[in-house]
Ligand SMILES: CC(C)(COP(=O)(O)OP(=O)(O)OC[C@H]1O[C@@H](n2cnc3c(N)ncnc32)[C@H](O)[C@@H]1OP(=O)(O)O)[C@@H](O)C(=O)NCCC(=O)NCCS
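What follows is a single chain, given as structure tokens, in the form predicted alone.
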Amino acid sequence: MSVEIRVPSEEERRAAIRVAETAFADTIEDADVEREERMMPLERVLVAFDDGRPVGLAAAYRFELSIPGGPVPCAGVTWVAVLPTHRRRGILRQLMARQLNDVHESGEPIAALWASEAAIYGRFGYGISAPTLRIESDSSRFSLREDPWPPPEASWTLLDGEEAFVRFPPIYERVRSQRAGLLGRDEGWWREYRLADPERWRHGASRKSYALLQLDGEDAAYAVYRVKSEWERDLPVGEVRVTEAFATTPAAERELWRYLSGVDLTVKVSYFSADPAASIFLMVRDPRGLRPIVHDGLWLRLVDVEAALAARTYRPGDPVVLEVRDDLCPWNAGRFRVGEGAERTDAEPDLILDVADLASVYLGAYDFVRLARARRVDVRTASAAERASDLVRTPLPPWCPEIF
């Protein structure tokens, strides 16, 4: 019997989620399933059935993604899994193709995901779009350079979850309004994911701490973190594990790292998805002590190239014509004039590239010159890569610290 791809019934949903449990070798508790039932609309779940048994899975949250120029609807792809008994049969490709069709029909021009295995998703049109930094700062080496400006009056307060729900979202929105790559969060997302603290998420560390920074009496930054207590020969060697940290100004970022690096009984600050444009690297005496490692971060897929290009803003400059190739979503293939806006055209192309590589420049993480140096774009007109790069350049690189 051939594999059937379809939306499961309500009765089939739980068995389908167990596919992810097996594929990722992780335990999914009943509370996790119930949370996903509340947050994931059933019609956004796709399951591959073999003789009535679920063998593959893919789903997509409804997100709003900040891009240069404002937010756009975005499908947050997750739960992508195929049982080991059914790999290399084309099931994943069928799931991805069906999902992209569904996302296109729903009017979402973009899909995004975090890749468990980075080699998988390029063949489905996804490109690296918002790299992040893994920081494992050695607190003993953390020392700030002298601040050339008078420091503001800083005060920290530890909040409970309900207080954090009131105080943290406005700070997050201030940062999101200035930065591509960040996701919109409704009340459910804040409560169910960002501020939630189930035991199984702690991995031996403490409960979450919710720390609020005020500068000159105004809310300016926050950090959500846990502490993993460790001792060696009667000496504390604990670790601060940062879930997320947002600062609205460089001065707030400075105080944020001063606080995290000074938590008692710890010698290390770990932050998996830190800001790639963090000012702290220029604020410390020893940047090596932060021990940064680049991670591929958020992957993006332009599901509707014309709509996605039209939604973005561009810097002033001469327009260029892009020819986009897309084997999986044939409605995207064609030529687009990009400048003050974006529209389809029959003009000769200046640049030819795959939809996955276009995704890498879309938020501003990379540009066309870098694509050309990596031989990911065919340059047909002299200086076209330079002109196109000027159009998509952004003041700061995109950033998405939110793994989903």
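Just count from 1 along the sequence shown to find any residue number. Keep in mind that what you see is a predicted model, and the values were worked out from it rather than measured.
There is another form of this protein, the form predicted in complex with this ligand, and it is not shown here; the text below is about that form.
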query	finding
I120 within 4.5 Å of this ligand in the predicted complex, heavy atoms	yes
Contact flag, K268 vs this ligand in the predicted complex, heavy atom cut 4.5 Å	no
This ligand contact in the predicted complex: I91, any heavy atom under 4.5 Å	yes
Non-hydrogen atom contact Y259 with this ligand in the predicted complex at 4.5 angstroms	no
Candidate from A180, A81, L133, L309 lying within 4.5 Å of this ligand in the predicted complex - any heavy atom	A81
Residue among F124, F168, W299, Y225 with a heavy atom within 4.5 Å of this ligand in the predicted complex	F124
This ligand in the predicted complex: contacting segment from 276 to 284, 318 to 326, 109 to 117, 156 to 164, heavy atom within 4.5 Å	109 to 117
